[in-house]
Ligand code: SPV
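Below sits a lone chain in structure tokens, taken as the form predicted on its own.
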Amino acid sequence: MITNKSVLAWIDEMKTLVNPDNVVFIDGSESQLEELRAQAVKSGEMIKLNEDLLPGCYLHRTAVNDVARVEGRTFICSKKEEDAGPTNNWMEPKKAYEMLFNIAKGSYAGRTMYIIPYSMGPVGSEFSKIGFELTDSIYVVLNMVIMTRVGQEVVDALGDSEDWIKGLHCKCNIEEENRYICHFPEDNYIISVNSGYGGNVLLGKKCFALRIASFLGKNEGWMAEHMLILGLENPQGEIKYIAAAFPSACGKTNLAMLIPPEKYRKLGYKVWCVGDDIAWMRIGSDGRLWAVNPENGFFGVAPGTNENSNPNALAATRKNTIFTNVALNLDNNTVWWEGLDKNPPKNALNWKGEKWDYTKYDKADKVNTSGAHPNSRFTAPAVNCPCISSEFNSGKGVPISAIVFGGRRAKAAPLVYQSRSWQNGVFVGSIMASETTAAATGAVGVVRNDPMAMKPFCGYHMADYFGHWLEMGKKLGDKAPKIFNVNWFRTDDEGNFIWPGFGDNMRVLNWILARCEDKVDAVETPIGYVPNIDDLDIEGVDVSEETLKELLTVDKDVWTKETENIAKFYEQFGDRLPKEIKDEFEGLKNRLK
């Protein structure tokens, strides 16, 4: 039950606008959720899967024109255009509200309005923020219940406060030409119309937890980052925490749920997952940087997830999970996707619900010939993950020892290097970039800049965002985490990866933590500090000392060319780019000479 006057007034206003037949408050109780699941199965919105093999699991199919986040239809509606910055689409707020409310008007007629009170982060934690999402989709309700903390306790925690985020989602007619995901940072408001796909409609996720939260963080003195959080436990039982940012297709979830190589497992090393996607970070009473994962579940890409690539993620999907746009195996009423195993079902429906012939699969036309859509998803409760951290629900968060940036670079970045300082580390994050692969674009090595992996998710001007990082560093002083960059994707001249990756990435994490504790020296290069050959453990892995030397080489010619790309990228920020970042760039160019 809601008694908060600001919440009730907004709900009444929205009811008048969208005109629902019924209104249902989501209290988070299992009995209510079970009723909603049954309704969704009856209407065909979801398919109940094999209860013996996948207990509590369901399959959902989105419209074929609605299968991914739509960056071109995503807007930051700040009062001033310059505050949205060159990396965001902008729309004038008054115009945006008018357009969106016209689209939403009467769209709930014949439908039910579901009121979802949700907390990003453990309920009652000083890190946490509360939102209300109104939706006409049971699919959204059931996903939000997995991805966030939902129910009456959230309403109770809010009390009479007006500090909460408004979220309106209207499926409307799922029209592409009228699809908009709009954020009003100064108003704490998110509106999504004409989509039913998770990334556009689970408003707690990227919309709130990054775009709105990054703006709140800047104003309130904390950080909302597109980062995994993992804890690395050594044989003595000490756990150190790392936050890491990677663009898509760079192994973020795999790293978050890393399984140590056998040698390390036998010694007693363990890795604990606190989060695989988003970190909210604040300076604690001890002056250190502390982080929580504001989410309660995983919204993971299904294709490529298997027993070898990420057994922990796969285990998380075995119960109480919602699968979106994967193939349905009709023989046993379970799901399948490309890369799950080498046994595609002979009797199956594809992600569109059509009869599927696995022999017609064509890598060049995945969308039309694959069983599962390339961006098909699983929404799984974090508690299902075998390596979930005991600190996952901790309201105080975990202390961060190191921040890691990474990307997919064939030649430029070495396997690992440490920044020269926090300020230099912010520069390193600002020049983060990843190369496209041939499969995706037909051209290898097209560099896409994605600072801190936040380009699609920063809710304000990116140059001001760099400035906020610099401010946080000043506040942290000598207690700031050390900043590193990694690259698991270095290749030889034939284009073969020369680092094994996956569990062996732990060898690099061990060096990173050793550097944080001043236990090992390093070699200075123009871009930062790389390991001494002897300090990176390659025992038991198929990497020669010669290959390791290549992995750690910083090629001045390649980096001199890289500075041209950096200069071009920085141009768009003009005078708003912080002086400290310009100074770091000049320093790099001078060292390369």
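It should be emphasised that the depicted structure is a prediction, and the values quoted were computed from it without experimental measurement. Residue positions are given as counts along the sequence shown, with the first one as 1.
In what follows, reference is made to the form predicted together with the ligand, a form of this protein that is not presented.
Trainee: Just one of 167-175, 192-200, 460-468, 131-139 has heavy atoms within 4.5 Å of the ligand in the predicted bound form; which?
Mentor: It is the stretch 192-200.
Trainee: Looking at R409, R149, K218, R377 here, can you tell me which has any non-hydrogen atom within 4.5 angstroms of the ligand in the predicted bound form?
Mentor: By the 4.5 Å criterion, the partner-contacting residue is R377.
Trainee: Given that the ligand is left out here, which of S421, S394, S161, S248 has a heavy atom within 4.5 Å of it in the predicted bound form?
Mentor: The residue from S421, S394, S161, S248 that makes the contact is S248.
Trainee: Mark H60 yes when one of its heavy atoms lies within 4.5 Å of a heavy atom of the ligand in the predicted bound form, and no otherwise.
Mentor: No, H60 sits far enough from the ligand in the predicted bound form that none of its heavy atoms falls within 4.5 Å.
Trainee: Taking heavy atoms only, is E225 within 4.5 angstroms of the ligand in the predicted bound form?
Mentor: Outside the cut-off, so no.
Trainee: Give a yes or no for F299: in the predicted bound form, does one of its heavy atoms lie within 4.5 Å of a heavy atom belonging to the ligand?
Mentor: Yes, F299 lies within 4.5 Å of the ligand in the predicted bound form.
Trainee: Looking at the partner-bound form in the predicted bound form, is H373 within 4.5 Å of the ligand by any heavy atom?
Mentor: Because no heavy atom of H373 falls inside 4.5 Å of the ligand in the predicted bound form, the answer is no.
Trainee: Between 138-175 and the ligand in the predicted bound form, list the residues on our side with a heavy atom within 4.5 Å.
Mentor: Contacting residues: none.
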